[in-house]
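Single chain ahead, written as structure tokens, the form predicted alone.
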């Protein structure tokens, strides 16, 4: 499907890809108040399937609550809209839903606080990456850097659980600096010096005795893939713990991996130029990665409820 032919859902109607714009002076653009969520779409034998659609929409509702955005749509209404959007956009691999205040404003507090919701279903590789200037950075296994100057989001400013655009500005600058130094991704610490997360990913370690550990959720984004891996690991009989982790716990781990909607399970080969384990993806990491891939392909009936199948229109 040609990019210009894609349709974007906006407040109940479909508009052309190129018409999904807001004014330069819109409140969310100027103040960073846009709330969003990113959802993956997978090809299966039964047709396109959206991964954990309901959970993503409920997270968006929670984000809008944390950001004081008066959202007028329910999670169920947005789920239905997302399914309709995927149906209208063949070969889509991603969904991006945005809730924003489009009105032109002069104050921090909007005079017109009407929230508009837009849902795009697209192929990130074809529709965006291929059309941008510059090289797109890819890494099958990650080289991480522990960031100690920029800290993770704090609840007294904007909670880490909120996927609000402004929350990503500080991590972006730190990640950009690390990328120029030869790293792929950064790990953020919280205000107490414990491991929090990467800017758009959650982090797991596998201890030498085979226990899977990850930071507690009260200080991080409630990652949908993170929750999936915790459930999947338990189903596979892997010991799982959520507890505070120090940077030294990362460096002494047998395996480390990140989880994110865009990457699933993402192996880490080194941190601060120190090899993790054998410097390659570990056994537990690869097992979880493979199992999650089977689930998203619709090949594991036990976890089929994680998928929302999109029945193509008869027309």
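Numbering follows the first chain given and starts at 1. Being a predicted model, the structure only gives us computed values, none of them experimental.
Not on display, but discussed next: the form predicted in complex with a small molecule.
Visitor: Does residue 28 make contact with the small molecule in the predicted bound form, using a 4.5 Å heavy atom cut-off?
Guide: Residue 28 lies outside the contact set for the small molecule.
Visitor: In the predicted bound form, does residue 260 have a heavy atom within 4.5 Å of the small molecule?
Guide: Within the cut-off, so yes.
Visitor: Evaluate residue 289 for contact with the small molecule in the predicted bound form, applying a 4.5 angstroms cut-off between non-hydrogen atoms, and reply yes or no.
Guide: Outside the cut-off, so no.
Visitor: Is residue 147 a contact residue for the small molecule in the predicted bound form, using a 4.5 Å heavy atom cut-off?
Guide: Flag for residue 147 set to no.
Visitor: Given that the partner is absent here, state which listed stretch (129 to 137, 198 to 206, 238 to 246, 83 to 91) has heavy atoms within 4.5 Å of the small molecule in the predicted bound form.
Guide: Going by heavy atoms within 4.5 Å, the stretch is 198 to 206.
Visitor: Taking the small molecule in the predicted bound form as the reference, which of 99, 224, 95, 187 has a non-hydrogen atom within 4.5 Å?
Guide: Selected residue: 224.
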